[in-house]
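Quick setup: one chain, the form predicted alone, written in structure tokens, and binding and motion questions come after.
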């Protein structure tokens, strides 16, 4: 047997802890050990590379618009009134880290909780949950190639140490060995992937056909990803893992006021939600940077070979399902 293909519909969804058998609880404990090791390894790589570890924000007036990204499938956004202001639960800390890297922390990362109420039909993709965490990182004056090198180092280090220190757990969880990635990873333009597979199925086709991680680049997305207005090219990237799919999304960032303002207007995004970012950009205080977010449940899900990434959570957050805990 092999690790299940991505996007294969599941007949049984992850269950809460209180409904698991003794064997399933043992499996859950093994996943927990891999999760702990993964967090330790990745955060150590970032700290060793000069990054500062910041604390997350849960409620904010400004958070990721998730628009016009065609991959976003949000059923609703959670808003609440506090102290006379409307704030939203964090969809990602992208705006926070752009400001933070410009003003005070040239290299930063955050283990950031994210709430995205996905549509219920995404429950059985195996790769969607409505609460998740990511290592959200940003580096001032960095290029996309700098980010590629950092992430490739982090993943090779992680997988090498998992195979060495958690071999027994991986043998329990997986049907096949966890392959150590070969760096540098291949880089492919989205247009070429659409030509090889098709416009709707390229993500699944890519994940099924590769043996090592692959960078997919030039993906039209939100206003903060860098876009060359002359060529129409986007300086951004997603990282795809074999037999799984996308585990990281990132970009070189926009920092100039005129471009940010024009793109917000073009995409019909509410300017009021990004007033501070626009103010800082207009004053010349925003700086060039690049970064990404690594989905923790997704990277652990890939490493452990689970059918659904909610299996990596002690308290599964499956779209369309609400448990007591």
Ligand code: ASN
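Values in this document were obtained by computation on a predicted structure and should not be read as measured data. Residue numbers count along the first chain shown, from 1.
Absent from the display: the form predicted in complex with the ligand. The rest refers to it.
*Asks:* So which stretch, 209-217, 146-154, 192-200, 86-94, is the one near the ligand in the predicted bound form (non-hydrogen atoms, 4.5 Å)?
*Replies:* Going by heavy atoms within 4.5 Å, the stretch is 86-94.
*Asks:* Candidate spot 116, 136 and 293, all three in 4.5 Å heavy atom range of the ligand in the predicted bound form?
*Replies:* Yes, each of 116, 136 and 293 comes within 4.5 Å of the ligand in the predicted bound form.
*Asks:* Although the ligand is absent from this view, report whether residue 226 comes within 4.5 Å of it in the predicted bound form, heavy atoms only.
*Replies:* Result no; residue 226 lies far from the ligand in the predicted bound form.
*Asks:* Would residue 64 count as touching the ligand in the predicted bound form under a 4.5 Å heavy atom rule?
*Replies:* Heavy-atom contact with the ligand at 4.5 Å: present for residue 64.
*Asks:* Answer for residue 249 alone: is it within 4.5 Å of the ligand in the predicted bound form, judged on heavy atom distances?
*Replies:* The answer is yes: residue 249 has a heavy atom within 4.5 Å of the ligand.
*Asks:* What residues in 252-271 sit within 4.5 Å of the ligand in the predicted bound form, counting heavy atoms only?
*Replies:* Contacting residue: only 253.
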